[in-house]
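We begin with a single chain expressed as structure tokens, specifically the form predicted on its own.
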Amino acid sequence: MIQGNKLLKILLPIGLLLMQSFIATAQQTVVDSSVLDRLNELEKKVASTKPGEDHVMIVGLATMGFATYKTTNTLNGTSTVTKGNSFPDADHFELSPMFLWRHGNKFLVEFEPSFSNNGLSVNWANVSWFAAPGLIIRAGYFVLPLGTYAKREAAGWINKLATDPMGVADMTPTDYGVEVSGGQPLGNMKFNYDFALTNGNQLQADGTITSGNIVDNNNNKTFTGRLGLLPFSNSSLEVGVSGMFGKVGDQGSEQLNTMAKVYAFDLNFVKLYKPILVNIKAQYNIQDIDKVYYTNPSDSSLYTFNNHTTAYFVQGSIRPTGAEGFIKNIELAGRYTSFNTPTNSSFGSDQHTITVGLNYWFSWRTVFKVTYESYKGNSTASKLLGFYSGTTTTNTLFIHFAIQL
């Protein structure tokens, strides 16, 4: 009996230790099971996620090149000649990565910074909601739908020539606001629409207007809209009409109710006449700003003028895409541009350019261009106020490379 008690005293602590070990193991098993359940649930969610639902992409463009020019300015019978060149061409050097964030099938965030001419800027930054088939709602900083050149054709790898058509691109601002766009079939035809409500332009001291200010200078917003029609079933032709309307004066100033009205008409024709691909583009802009008085910076006297501006271009290109060998990659392009700013203002001018180019396409998004442009401008600025600057001619040769990243 004494030996039994001794044995019990020995076995009892061992049993308690084993029991504690069993309980601890069981608790650990419960904890491990909980963690595993959460891991299994996460794996199921990852496995059920469809590819492309959430996606980040970096694209963009890069352009660079060489330019050499000769400018002759004639004022009061005296001519001055200036020659110069640059590598890279500072006016056309650009690196613009574009960041795209897609969240599901409904939302897209776009952000495109741009480095050019030693400066960093933003081309656009906005959020798009694909609300329904044929309906996109956008908010943020974006190019306004005035004509088609600035919004669709200005990128270096899309533009057939190394330069932009004067005035046309400048009259299409980038601004903060909201936008609604889309398109629908119309029988055998198609139509598209693009409407925007933004902060609007601001009238400057010389009668010009600027845009892209995140703080509005008045309590009025600017409406911009474009309607496009593709009358043929093969979509080879598109014609469009645009308008932009808004007050441009500063809040509390005498020019508060000054209105700016801009109209644009555009055309785009692309058709293959085997083996030649024909591409014709054109746009005509008209800008009218209400007549107000401005201050002459030289003597503080007041002056006024008819603030009416027109700009247009007609461009054509041909490319033998149906040919064999390297010939199919060569394209010949030409453009005529006219830009007329208000007579008797501080910046009045009658300007014209003839531009021709020969392009070689390495791919659909990579192009090497040789462009020659002849410019002639006649100042129509006020002589009485001392703004007249004579006649200017400039001949420029561009060697230009552009790639879409």
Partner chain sequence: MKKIFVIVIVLTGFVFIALMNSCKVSQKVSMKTGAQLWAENCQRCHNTPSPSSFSPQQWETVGLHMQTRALLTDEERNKIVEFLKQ
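Positions refer to the first chain, counted from 1. Remember, predicted model here, so these are calculated numbers, not experimental data.
Keep in mind that the form predicted together with the partner chain is missing from the display, and what follows is about it.
Look at 291-299, 249-257, 74-82, 120-128: in the predicted complex, residues with non-hydrogen atoms within 4.5 angstroms of the partner chain sit in 120-128. Taking the partner from elsewhere, residue 376 is found to have every heavy atom lying beyond 4.5 Å of the partner chain in the predicted complex.
Contact annotation: residue 365 falls within 4.5 Å of the partner chain in the predicted complex, judged by heavy atom distances. When contacts are judged by a 4.5 Å heavy atom cut-off, residue 197 does not count as touching the partner chain in the predicted complex.
Residue contact with the partner chain in the predicted complex: residue 323 places no heavy atom within 4.5 Å of it. Though the partner chain is absent from this view, in the predicted complex it lies within 4.5 Å of a heavy atom of just one residue from 332, 327, 270, 178, which is 270.
The listed set 314, 318, 139, 229 contains one residue whose heavy atoms approach the partner chain in the predicted complex to within 4.5 Å, identified as 229. The candidate spot formed by 104, 234 and 286 lies fully in contact with the partner chain in the predicted complex, as each residue has a heavy atom within 4.5 Å of it. Residues 181, 182, 183, 184, 185, 186, 187, 188, 189, 190, 192 are the ones in 167-192 with at least one heavy atom within 4.5 Å of the partner chain in the predicted complex, listed in sequence order.
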